[in-house]
Each structure stands twice: as structure tokens, then as C-alpha cells.
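Here we start with a single chain on its own, the form predicted alone, put down as C-alpha cells.
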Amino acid sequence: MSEHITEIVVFTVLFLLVSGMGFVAARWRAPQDMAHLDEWGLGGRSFGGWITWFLVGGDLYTAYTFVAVPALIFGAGAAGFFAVPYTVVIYPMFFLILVRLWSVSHRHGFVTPADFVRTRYDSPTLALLVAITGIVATMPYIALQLVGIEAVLKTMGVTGDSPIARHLPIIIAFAILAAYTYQSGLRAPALIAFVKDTLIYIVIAVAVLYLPYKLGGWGAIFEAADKKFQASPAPGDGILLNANNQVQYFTLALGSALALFLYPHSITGVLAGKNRGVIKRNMSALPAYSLLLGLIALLGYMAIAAGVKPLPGAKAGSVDSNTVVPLLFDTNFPAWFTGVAFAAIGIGALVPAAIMSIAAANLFTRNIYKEYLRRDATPAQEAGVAKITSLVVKIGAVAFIVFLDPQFSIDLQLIGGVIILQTAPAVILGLYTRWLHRGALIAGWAVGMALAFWMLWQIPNAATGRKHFGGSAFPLSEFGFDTKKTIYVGFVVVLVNLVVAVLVTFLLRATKTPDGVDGTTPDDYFADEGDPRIERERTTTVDTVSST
């Protein structure tokens, strides 16, 4: 550890600096009363273009992205680049969808996607399923942010013998995160996101200019990568996709794009924007992060050219590929700059972890606690329950890392992407049409979930020796096709979900099964800041909270 003292000092100073910002955030744009879910969980729905850009960007492009995408490219080659096209196509796909969601949510005061589903379909059951799906999908995602921090700490030699000692720095970091999130709510990650993203942009800009110069140019980097993959005893893609992985590649990219803005934390960042214009500008500007992601991905090939050898993994004979990027910086940059890079990764874990825990807390509070446990809960009581729930969620995330194999946490996140896709028909299509029957959407969700878990059960993980739940690439041969090609599970099951929903809708409408009352109107989907109805409801809410 002694040779990493400078890195540890720089990392610690920057980490403590942003933690202090997290506590100060409670006074930033301070409302009259934080005892309201709109204030604690959505930052008062008042964030402008720049704040929302940093917040949503910091939420989507996480510390895990910083270490895992290059690590995947380091180990698998071209297949790892799926993250780049999916973060390119997602913004035109969701440009109009999120604007409509913002409008109807601000008109009715929705805090979660399940709130919208509850009112749109007049179905507490469907809303509950959407809420539970969101919470379950988010939990391993939070845990994965710890994987990024753990890779940095391992590279700096901050480890221990027992599981608790080895993870003590992470436990302390998340305790600090829990404290300032409890106090400041969404304002904390919004403020910290400025520092996090600025550090990452600086670090990547320096890396993509300096490392190719040091390693002999881009030609030498790609040549070294190609040589490695060609020499592999079990060659995969190399620097180009092979025929067997092309279907998996495009279905994974498209499915991941559909899933990303269905995650509760993504929607939380969007709903915090103050008007429709903010959402439109951000959907236009966020692809700048995709350019950054493309440069981050190339770090995997740079690590190959630099001769980086990953540190040993938890199991004998295994390696921890997530240490590739930290080791690349550790061996090629001065200690002080490496410390800055490590801090960028560490801080990059705090922003999304905070938003994810807040989003999960919002779902529990609005769609489980208020709907089923205490219907007459006041805004102050809702905010109090959300704060406690966010703490419980963070404790659960730490438990994932301490007691489970980190590789299993990664596989769980892949499963999370599959299951969150099952909310797409209710949420995405519900923003445009009420034709699908609420009972049919429940049936589609159930069939999609059952098929998803059956398919995921069939997938082994050769690296860990686990026979089930080893990823999301399903062999088409299981469907009777004579091929070695695979396909993304989420892409298949969401199509099945939709087909079932359509067929059951025909059946239920033919039998004249009651379908509830739509609580929204067409003009709700075009409401904007300054809408008289919204302003009246905000005034009433503030008066209610103040009197409470």
C-alpha cells in the first residue's frame, strides 16, 4: 500500500470534498420545507437544462460503466462495444416519450412511473407490479456501483483478509453517502454530478491524447488487440464481430436502449426537470456522453497494448477484469493524476447510487406504503418513509457486495435489465394509447416474467462454473434452430409480453370485462411549466405541508 500513498491521499481528499458538497446541497436551492417527496425525491421539480444534463448523465454513465465496458472489450473484443450504439439510439427513441411522461407527471403530481400506471389504467395491482419490478431491478444496479469503487481500492492495495475488513472502506463510503442523501435528497447527487462529470471528462481527454502517443499510435493499439484475440485458444470476436454474435449484439443493444429509461432512477432524473424544454434539450445534448463512452470503451484496447494484467479475483485461479482500467492508469500516469482518475471513478459511483436509492424509495413510499399501508399519509410522512427506505436500500446494496460473489452481482444486473423491460407495454405504450386492457397487461407481464426466468435459468456461466443465471445471451439452438447464434433474453420476452397483452386484450374486450377509468386526459400529455392547473396544485401542496 505504501507505493500508493499519493493516490490514496488525492482520492481521499476529493472524496471528502464531494461528500461535504452532499451535505451542503440541502441549502442549495433550499425550499421552504424539505418534508415533501417532491422536494426530497425530485429536487422540487425545478432543475434547469445544465443541472438536468449533469444529473441524468451522471445517473446513466456510472462508475461501473467506467470500469466494466473497457474490461468487457479487454476480454471479449468487439462485443463490448454494444454499449456505444445503444446509448446513441436511445435518445431519439425516447425524445417524445419522456416529454409526454414529464407533462402528465407534472399535471398530476406523479413521482414514479407506477403512479402514472395507477392513474392511467385505474389498477393498483398493475401499479404494484411495476413498482416491485422497478425496485428489484434497481437493487443489483446499486450494488454494481460498489464494484467500481472496489476495483479502485484493490488497485491501491486497500484490502483486507476477511470479507468485512476487505469491504470496510466501501461500507464507510456508503455510510457517508447514506447520511447526505438522507439530509439533502436528490439535490445532493445533482450538485455532486458537476464535479463527477468534470473529472471524468478531464481524465478521459488526457487519456485518449496521451496513451496513444505513449503506446505508438492507434494503429499499434488495434494491432496489439487483434494479435491478442487471434492468439486466444478460444477465439471470440476479436476487434470485429463474428457471425455467431451479431444477432446477440443488435438485440442486446436495442433491448438495453429500451430498458435504460424504464429504470426508476432514469425517470427520477427526468421528472426533476422544470419544463418540457429542459427534457427536449437534454435528449438532444446527452449524446455527448455517448461520445465520451466511446472513448472510455477504447481504454480496453489500450490496456491490451500496454500489457496490463488484471489482478487476481476472489476465487483461486480467476482474475478480476474490473481492475483493468485502474491498473492502466496506475502504470502509465503520475501518482497524483492516477489519484484524480480513481476519485473520478469513486465519485462516479456515488451519484448514480444516490439517485437509484432515492428512486427505489419513491416507489416503495408512493406505490406500496401509501397505496396499501397508509392511504392517509401526509406529505411529511411520505418524505420520512422515503428517507428510511433509501437507507435500507443502501444497506441491501452493500450486503450484495459483502456476501455475494461480485460476478453474481454483475449477472443479477443483466437479469435486472431483462425484467425491467416487462414494464415497457404499460409505461411506454400507455403514454400513447389506452387500448391495451389492464388485465391483459398483467397477463403479459406474468408470461414475460415466467419466460424470462426460464430462459435465464438455462444460461450457464463458464467463467464461474455456475450452471444457471449466468448471463443474458440465450442460445437459439434451445428453440430448435440449427445454429450457434445467441439472442438477448430481454428482446425475446418483451415481444412475447406484448403479443400476450394484445391477444388477451381482444379476449377481455370481447367478453366486456371492466377496464377501469382513465384518470388522464389528452391535454395532460402536453402540459408545461406555468400550466394554471399545475400552479394551483403546487400552491395547495405548499399550504398543506406548511400547515402540517
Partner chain sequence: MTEPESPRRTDRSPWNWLLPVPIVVPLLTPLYNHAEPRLGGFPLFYWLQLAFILLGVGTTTLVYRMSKRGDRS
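Positions refer to the first chain, counted from 1. Being a predicted model, the structure only gives us computed values, none of them experimental.
The form predicted together with its partner chain is left out here; the points below concern that form.
When you look in the predicted bound form, the only residue of P287, G109, P124, P312 with a non-hydrogen atom within 4.5 Å of its partner chain is P287. Between the options P85, G384, G396, P475, the residue in contact with its partner chain in the predicted bound form by a heavy atom within 4.5 angstroms is P85. Under a 4.5 angstroms non-hydrogen atom cutoff, its partner chain in the predicted bound form has D523 among its neighbouring residues. Of the heavy atoms in Y301, some are within 4.5 Å of its partner chain in the predicted bound form. Using a 4.5 angstroms threshold between heavy atoms, F261 stays clear of its partner chain in the predicted bound form. Interface residue remark: F222 is counted as part of the site for its partner chain in the predicted bound form, having a heavy atom within 4.5 Å.
Relative to its partner chain in the predicted bound form, residues G49, I267 and K274 are all farther than 4.5 Å at every heavy atom. Exactly one of the stretches 417-425, 444-452, 173-181, 279-287 approaches its partner chain in the predicted bound form with heavy atoms within 4.5 Å, and it is 279-287. Shown here without its partner chain, the chain has P92, M93, F95, L96, R100, R107 in 92-116 lying with a heavy atom within 4.5 Å of that partner in the predicted bound form.
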